[in-house]
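One chain follows as structure tokens, the form predicted alone.
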């Protein structure tokens, strides 16, 4: 496997992060507001990739883009991107290669995040791992025997839309009872307000919970038990070595963990839990960038 530097992109609906990954280090990182329109997005990526490449003293392996949505390897882009609909069906990889003459891949951002944590982060050295990301929504990535599991059509590991309560809270996807409606960072803040906490964000609710606010503590426990139901089902199904909790919502891991373990002890088979590691991510904002590089290099 090549270990040449890789230009990596973490593409979000609000910000676009681009950097050079040298070995297992992120260098020359820049953040831009995400432009509107497929051609503008690809143009910015190509422009900055060329600038980073020209500043590098080594040959570049290629460009790896982590993006929110269902990634299609056949398309070389996103078949469905709810937060960036202009990219639906757009052949990003081919267009970036056309502008830069560098190989390019496009991967789902949660999958890239998972690859980063498995190759370089909290689950380094492990072969079978589930990674769950808590942010505006709830995402996931599954690594089986050292390889990312994408499913038949590239849409595997959408764990945020596993139902944990029939006719439960309304999710942004239109269904009711999805874990995303309970355990995303956005939903944690909503739960706290519904329980009577005056907090405009999950961070404010977390700070109040750490000060002993009972309503805030109740909200995080509910978010944890909802997540625990999903984790237990995944543990029973996949028997992983570790479950990694990542994303911005992982900053509340210490308050979520008791609820997760509560449900694991009730719902998961003891043999599957006995050696399970439930851990917080370690790479934070660098996970997607490092994971995208790992996927381009064929390391996950």
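All of these numbers come straight from a predicted model, not from anything done at the bench. Residue numbers count along the first chain shown, from 1.
FYI, the form predicted in complex with a further copy of the same chain isn't displayed, but the following is about it.
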* Specify the contacting stretch among 32 to 40, 56 to 64, 246 to 254, 233 to 241, defined as having any heavy atom within 4.5 Å of a further copy of the same chain in the model of the complex. => 233 to 241
* Structure fact -> If we test each of 213, 225, 136, 100 for a heavy atom within 4.5 Å of a further copy of the same chain in the model of the complex, the one that passes is 225
* Indicate whether a further copy of the same chain has at least one heavy atom within 4.5 Å of a heavy atom of residue 128 in the model of the complex. => yes
* Is residue 155 a contact residue for a further copy of the same chain in the model of the complex, using a 4.5 Å heavy atom cut-off? -> yes
* Using heavy atoms and a 4.5 Å limit, would one call residue 197 a contact residue for a further copy of the same chain in the model of the complex? -> no
* Find out whether any non-hydrogen atom of residue 151 is located within 4.5 angstroms of a further copy of the same chain in the model of the complex, and reply yes or no. => yes
* **Residues in 275 to 290 close to a further copy of the same chain in the model of the complex, defined by a heavy atom within 4.5 Å, in order** => 275
